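Look below for two forms of one protein chain, each set out as structure tokens: first structure 1, then structure 2.
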Structure 1
Amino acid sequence: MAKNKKVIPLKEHIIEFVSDSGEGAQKAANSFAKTCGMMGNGLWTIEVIPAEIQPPPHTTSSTSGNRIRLAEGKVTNAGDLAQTVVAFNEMAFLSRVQAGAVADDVLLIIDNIWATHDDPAYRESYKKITGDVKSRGGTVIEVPFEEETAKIVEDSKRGKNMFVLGYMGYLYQRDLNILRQIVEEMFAKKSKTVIQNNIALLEGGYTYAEEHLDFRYEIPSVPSKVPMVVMNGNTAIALGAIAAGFELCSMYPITPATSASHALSDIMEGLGGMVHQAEDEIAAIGVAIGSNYAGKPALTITSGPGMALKTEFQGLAVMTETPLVIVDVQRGGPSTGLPTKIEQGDLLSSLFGAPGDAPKVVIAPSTIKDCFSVMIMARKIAEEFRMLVIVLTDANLATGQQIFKRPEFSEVSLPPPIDLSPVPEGTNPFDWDPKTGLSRRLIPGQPGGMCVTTTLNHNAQGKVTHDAASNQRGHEMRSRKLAALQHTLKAPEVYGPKTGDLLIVGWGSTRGTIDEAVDRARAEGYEVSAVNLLFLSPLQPGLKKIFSGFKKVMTIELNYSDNWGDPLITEENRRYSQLAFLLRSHTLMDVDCWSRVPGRPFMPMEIHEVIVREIKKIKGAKEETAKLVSKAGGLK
């Protein structure tokens, strides 16, 4: 047993568990992360998911696992480069290097079975990849994970993830009792033998690390005095849907949205609701619209390709003014694109993806906690304004885990019950208020509420018309509701001073990363602030006033834009990122952008680099102008 162990104090660390798909690295990582949350550490995790269902093993395309950012205090994003990677094979590790996710001085903990494998190709790749780690300043610790696992269970491939969990639990001084509790809960539906074997594997990994490691990491944890929860964004969406009082979720499976409906399936029926798996995406939205039309609150959950298929029915919801909430868990595109990777590419399609003018409300939560609360807001808006509300999350929020204060809920949070009282004689289904565009919602079967509903252009009575005046009025009233909603919104808060050299504008899950990068830059003396937009349609008020306080305004987004200096790109043809496009048209201000589509979350270090570069440009331009003015004055 190693003695006189060195304890290395840390404020935070970024750890990755990676293996071939199906080997259980995700299960081990999730258990490790849950333990950290229960111990009171700050936490953010994100899944590493292979694009194929059954990729070839021992290849970079087969990598599955999790990134965990573990800290003493609050964590708002997945951080920079991984400092520790525990890999079940060298190709899983290589895939993370190729993704640009690993620090040069990484600690690689890897199964040593490949060093002496029967296949010479495996031995050679193992030697080369581990050698590269050492040459870049990294450290390699070889551990016989599979060999040690075989001493406890017959099938070492199915059990080594629990051995790895124990090993990492010891290295990071995780509470072994909490680890045992989590493993017991994980296998609670299995036999007693299965539970005992997995506990033995956990303890075996812990003991092996204790006997062979001569150091441990220490990241202080402070147990919370208030109830806390750890969950991912899809679970938060599901719980938020329950809290909002939805009684039906109609969906069709699609990555990375499916787990939200799985979470709902576990609990919704017991609360009197149901999850309906339709035959396709089009049927799913049709069922949700029909349910809402009949007075039963329903939502549908999907991702980008599903949103494309739902386009025609979105227009139906807008034209008939039937309340509807759609959750779009964005992924890479276009077409089927990158099913398991993050992107923020659905903003413009959400706004404009329906024939004609079809105004919609678009809301983008920026934290996992927001994913819960925004669902209550979305239902209220949908029903009060009789509108289609789109909630834009993304793969980062969907699969990431964060610890936060348990939300408080009361029945006051729910929308009021649907008014089913007798309808006064002469009430029309579209009695639009000329100022707000709002009208009373009529429910089939409501006394006195018999009416006509059509997807064609119609008048206030709901009857089909083709004249210019009624068509104009219908468009005005449907749009007026957006203006009415915008008047209830507050201006977004500025993160940092309200004046300075540079303002970064973001939306969705980039918020934590942008804010951290801004903090770093401000600590170095740079005058930079940030704004995150919750509402993207209608946009929140006061943006022009906020933007005018800064020398330059730019968005940072996980979608595509042309770069200055690229071949053929000019001021006349440059394509801007999606929020920048929107802000430029709404404010008529010169809003610039920096965007990329790496298929992973941004790192704070990347955004910090952008901030420093842009402010240096601003300072350089100011100095050049001063020189020209001075020179001109001298000539006079």
Structure 2
Amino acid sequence: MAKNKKVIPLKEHIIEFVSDSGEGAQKAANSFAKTCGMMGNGLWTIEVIPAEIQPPPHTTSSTSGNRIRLAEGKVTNAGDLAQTVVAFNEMAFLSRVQAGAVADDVLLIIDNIWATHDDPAYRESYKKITGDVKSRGGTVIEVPFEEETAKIVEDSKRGKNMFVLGYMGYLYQRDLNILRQIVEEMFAKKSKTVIQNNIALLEGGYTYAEEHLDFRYEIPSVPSKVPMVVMNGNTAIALGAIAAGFELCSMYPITPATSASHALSDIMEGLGGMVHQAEDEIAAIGVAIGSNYAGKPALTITSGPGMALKTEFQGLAVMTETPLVIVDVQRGGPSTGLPTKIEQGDLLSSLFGAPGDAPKVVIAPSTIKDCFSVMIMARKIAEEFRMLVIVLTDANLATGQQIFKRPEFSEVSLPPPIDLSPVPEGTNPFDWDPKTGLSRRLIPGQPGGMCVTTTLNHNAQGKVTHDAASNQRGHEMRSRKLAALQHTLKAPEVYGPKTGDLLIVGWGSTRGTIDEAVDRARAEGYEVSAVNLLFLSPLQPGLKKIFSGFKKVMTIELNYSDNWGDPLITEENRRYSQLAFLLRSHTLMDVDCWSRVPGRPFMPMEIHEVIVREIKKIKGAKEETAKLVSKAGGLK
């Protein structure tokens, strides 16, 4: 059969592996992805995880797995609808359909053990759901995964995933040697028998596919000449923190930030630092500030509810001008909200959370690669400007994996060693440069530098003052630093031409998706460009100029806004999405927004649809006007 097999060439494909939580679809998918990476493909993976600890098995809420977007070239987001789904049961597949993640013409590869299961309910739902696929135009390939697994090992529940890996490896023409190597590495710490069994399963699946499939996919790959890495955003944050010279990560567990701390816990002690799990988020930030104050770079990592608890200490960092980096891995809010899911809901609370005037820097990396390098930049800004820097990532960056050029760094990424040299007595602890607000920190232990750092209003000597002039002065100096930083920034780059009908403005992890949608729309002739803002505070220069090149400017964000047309919503009460709100104030231009809170990344096709609709509206309005004008002309 292997001989006259049809080979279907593809530029890219979106493949999902789904099972009940605990059945190992995720492991299979990750191995598959790693293989793709090693073969030189472009790659983006995202996790499909149940929102609960132990949802009932064989239900839609139990689905666990991975989506892999696999391509010939670079991939910047998780893409649209899944084209292939390999499912361990039909409910896992159904959950993906319900999430709107699956193409109508999907290829569903499914374990057919349920077709003949003892439980009539399972038989029924299996029949119904596979039937529905076909009637929507999809294809169903039934594979006796569990049965075949049982032929190879005793516990068919635990080994199934490796069989599936082999099967999919064959289908997508993955290199069997690489697959073997990865499986071996994965089980490296286990016994020989375990390794052998799993290799046997892998090969079993591969062979089974070879024997039963009459087609294979082919996705070419161009192995890169420079070293590449595959990792998720939280790992990139963790490694970036080390490259930046942080010696302490002080944290309290919270999803989806915790895995960054796990990554650091695994390696930091071996690299001269440590992770401190504090008793709560308030303590976590307090410890980090204490360490920074004393001269050792420390950061804290958290998510929404933790950010809320850190509010008071943020004010302290601002007032005392103690350098501090906070990473906020955004999740769905408000309150506990959707703890495992993505949202970009913390922009305004990062900017304005702390009472009083508390100027700070807010930056948002837009790719997993950026997560690494942004940490170096964040530490440097924090220390040079004696400021609080908030790094906003999100659940999508946190758990998504991308393949990218291995980051480079060197000693210049690291902070200078602690300076304990004596200072002339009377040196001021806040020796503000009146133009920039910058001043040099005194580090405890420096002879002659003894001074108090206080959260009360104070003068350059660090002494408490209550008079109007000194309070005004302190505020000015803290604010001025933001202006000074802003002067060092460049205008953001426009993705696409600098003029056109529509400009989409985004921030953070939506970048890849927006750019892809823009590409598609432009290919269809729509005049649309995009801009992604790395700096949210201060805003980069040149925005107004960029915006004025377009007939319409709108943000696309993964947070809430009232929609035009919603009941009661008018020009006067519409609540805009967070960046749009900011940009309206900043530019006084009528920046519109389209935003949603689906708890998952956007798909390029959704954004494409918005682009097309908006441009049609613009064109329509123009035609309307043109009509009116010609009418008016006709009347003359």
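Only the largest set of C-alpha atoms that superpose within 1.5 Å between the two forms is called the rigid core. Keep in mind it's a predicted model, so treat the numbers as computed, not measured. Residue numbering: structure 1 sequence, from 1.
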item	value
Form predicted together with a further copy of the same chain - structure 1 or 2	2
C-alpha of Ala483 off by 2 Å or more between structure 1 and structure 2 on rigid core	no
Leu420 C-alpha relocation of at least 2 Å between structure 1 and structure 2, rigid core basis	yes
